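Structure 1 and structure 2, given next as structure tokens, are two forms of the same protein chain, each shown alone.
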Structure 1
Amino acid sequence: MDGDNVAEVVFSTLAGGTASSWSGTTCTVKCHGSAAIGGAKSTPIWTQVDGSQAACGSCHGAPPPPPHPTNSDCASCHPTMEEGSLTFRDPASHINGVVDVTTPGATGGCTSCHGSTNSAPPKDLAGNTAATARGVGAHQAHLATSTWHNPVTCTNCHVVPLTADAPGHRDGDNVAEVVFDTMNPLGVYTAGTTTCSTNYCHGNGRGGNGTISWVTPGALACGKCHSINGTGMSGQHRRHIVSENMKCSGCHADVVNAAMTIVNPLLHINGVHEVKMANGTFNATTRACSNTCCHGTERW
């Protein structure tokens, strides 16, 4: 009884302590979320008791806006929720001061917002799993263990965060930054058309080679990036392949066999031209062959 007949409102630590406030009409308090996480009525009016301030969306969005994943299957990440609905499996864990999130072990919790078998989509941030969805695209086609190309990792196309809160990671628009590493210094990803252009990896070994779609699944034939008939290839390719009927394996034996099967994926699309003949050597600096069985020293 301090004499004014007005009760003191003192918020507990759980409710936000001194960071929370009471104006005489409305509260600004941790339990009611905030506009920043999509709460439409996060400063509730004490005398309005019609249930509207207890509906989903009044304290936080359902789901909250980016950088939270734009995926409404709450239960896939929040163990407190029932599958496919907005009802609680465990109401006691709601508004208890702890955000309960499922964090599958193997990848350090990275797969709770995107990814499944690894941290790359599918699923994407919106829960899509089809390769035709922009957020999913050709991720797994690149990342899967390959029989024909050098391994591709996240760092070839993104700056990879060490933690979910690393600077530059969740920057608020839920659109990933595609930043190519030194393997593709001239590579450009155009989000509007979901295509890559002037990539080393999809080029002909000398430069870029048109554009390629990120969202059109399908195997790539050998002639898709570089020629296999000599056209547009460096030096004396055409002459050897067409006039002399030589196979690629005649000069690239470390990489390919006579049946056009890649024999060492680590050496294919690794940024280096490997030349290996049965006899003789190629000097990459002078670009000349010597001691071949076929002819004397010749420049390529």
Structure 2
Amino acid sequence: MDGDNVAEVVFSTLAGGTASSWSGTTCTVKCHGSAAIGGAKSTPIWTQVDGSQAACGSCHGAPPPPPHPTNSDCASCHPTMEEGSLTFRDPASHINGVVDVTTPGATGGCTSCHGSTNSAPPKDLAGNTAATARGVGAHQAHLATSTWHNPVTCTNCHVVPLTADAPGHRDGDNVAEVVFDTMNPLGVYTAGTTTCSTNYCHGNGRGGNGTISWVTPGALACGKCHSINGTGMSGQHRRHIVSENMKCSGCHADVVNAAMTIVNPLLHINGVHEVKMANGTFNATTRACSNTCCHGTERW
């Protein structure tokens, strides 16, 4: 209470100490990076709280400029990141003053025991590389960049250890525990039959009712998970597809085109019924279509 009604800002060592500064409106601090390492908004405005100054790329490039590697898969070197994404496995390990780095293939790194180009097999702990081996299966089919489905990360199906000695990791049974995330709350993996069951992502879009073999290679066609003639699907699917000869794109134009090609993989198998019509709107709460060119307001 010194009478000036101004809070004194003194930065800690983690924030850069005396090398950091506060102008009264903006901060120039170590924890917000710098333009030199690719930060697009490294001097954040204190009163701007819309989230635009906290996105990946704000403090440092994604990836930073050379001599940093140009690889955008942060998890290949930083074990606190999710494979193939900009999602943190452990947010508490971000902006903590420590650069967590594991050289791919190095002793102690994920790929020194399993995986190769990333942490997932092939190879598995027994050295297998064929997709028909239980330890290999469809790992890469899930983790690879896809043109038809929402990205899958390791934490969608596993509790990913942050260290080699984390509880449940290297527990002696050489079996990976499968713990599905909230998108698959009913999902079950049965090691004896190498099948995933009661899961959403291989179901018909109406909850946890999908079953799939983990070790059967090959691309999945439309109709493998949900019907393409509307059988067993919700509401008036069958009537529209069979009786009215409508294409899926008639109501799901943001996801698929008339040739049955997924046009936005981020919107496919994402837990949301994506409805986009050329004319009309769909209210998911009342399950009603309105202002359509084919009929007035109708409940689905």
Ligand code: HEC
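Here, rigid core means the biggest group of C-alpha atoms that superpose within 1.5 Å across both forms. Here the structure is a predicted model, which is why all the values come from computation and not from measurement. Residue numbering: structure 1 sequence, from 1.
Colleague: So which is the form predicted on its own here, 1 or 2?
Modeller: Pick structure 2; the other is not the form predicted on its own.
Colleague: For residue 197, is the C-alpha shift between the two structures 2 Å or more after core superposition?
Modeller: No, because once the rigid core is superposed, the C-alpha of residue 197 moves less than 2 Å between the two structures.
Colleague: Kindly check if the Cα atom of residue 135 is displaced 2 angstroms or more between the two structures relative to the superposed rigid core.
Modeller: After core superposition, the C-alpha of residue 135 moves less than 2 Å between the two structures.
Colleague: Using the rigid core as the reference frame, would you say residue 18 shifts its C-alpha by 2 Å or more between the two structures?
Modeller: The answer is yes, as the C-alpha of residue 18 shifts between the two structures by 2 Å or more after core alignment.
Colleague: Check the Cα of residue 210 between the two structures on a core superposition and give its shift in Å.
Modeller: Value for residue 210 between the two structures: 5.0 Å of C-alpha shift.
Colleague: Cα of residue 68: shift between the two structures in Å, core-fitted?
Modeller: For residue 68, the C-alpha ends up 32.6 Å from its position in the other form.
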